Ligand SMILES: Cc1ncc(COP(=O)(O)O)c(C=O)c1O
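Shown next as structure tokens: one chain only, the form predicted alone.
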């Protein structure tokens, strides 16, 4: 069943709230959450058996399912709590030197802007944020705008595959190809991609790719992954040094999987989240949700970040520009007065409102948002 009415009851969300903010933290279906709890109960029944004897094999099975889903060899993937953790792991072993540059855009996730500023600051490098004009233009224009920032000092290209605040799919495949030819390392933030957009890491061919499973794939919170190109793995270390470093030549997987006592239940639930969506024809769900996003972009009287004719550049989220006189407390009033959960992005200029449409949403949710904005704007 792929319609919003049928799927709404399968999620744990408050039925009194119109939830249009799946993009921030995701939402877990009841059945997936119950499978997550089953793993936790199994862990607590015999912790030593689970963590000391079974966990390595269980994680290998989960990585195999994830690898098939994202188009990567399982041994090139490690589980991490979230994409932010993955990008942090990727940022440290890059060998940055004073004067080097990490090239990015002004559309990146704020927390990871802080990561790169901190890492570059430690090594005497520079974090360069190339402005990408909005509304966005042709894909080729975006490629050339970003690539124009490359120079002889550029060592790393860091990009979001799908941006958070502006909900744009950036042309990372072409940029990864150019970077490889130039000897520039690519670090891609794919936090919003798994479950929302098709992903094949073999075709994309980045050096590092961090993704979330707890957002659009609807796995439990705390389930993300990091892909690392095989020839780079020897120098990539986790944020925690622990038992994975035992022995003379610890493997990439051992270093990242053996980090002391931690609950792997969210990771182990990822294969079930994939199965749950596949059983509900999720490709049809994505199409239906994209159509809701397309309508929001074209029918609300607000200027979308992506022109309606270019709707292939966004998926189930859409960002709309707010008028200059929009209330500063618009997000709070939408929730308090209309019970609509939706974010307003105040860091951009102009301010944006970002609508996320997931399987539990339908046309009635679109109409509630339209009615509320007609009152508040």
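Residue numbers count along the first chain shown, from 1. If you're wondering where the values come from, they're calculated on a predicted model, not measured in any experiment.
FYI, the form predicted in complex with the ligand isn't displayed, but the following is about it.
- Residues of just one listed stretch (115 to 123, 158 to 166, 288 to 296, 131 to 139) have heavy atoms within 4.5 Å of the ligand in the model of the complex: 158 to 166.
- In the model of the complex, residue 214 approaches the ligand with a heavy atom inside 4.5 Å.
- When contacts are judged by a 4.5 Å heavy atom cut-off, residue 359 does not count as touching the ligand in the model of the complex.
- Interface membership of residue 104, defined by any non-hydrogen atom within 4.5 Å of the ligand in the model of the complex, is ruled out.
- When the ligand is considered in the model of the complex, residue 191 lines it closely, a heavy atom lying within 4.5 Å.
- A single residue from the set 186, 277, 265, 82 has any heavy atom within 4.5 angstroms of the ligand in the model of the complex; that residue is 82.
- A single residue from the set 282, 127, 109, 300 has any heavy atom within 4.5 angstroms of the ligand in the model of the complex; that residue is 109.
- Although the ligand is not shown here, in the model of the complex the stretch 341 to 377 places no heavy atom of any residue within 4.5 Å of it.
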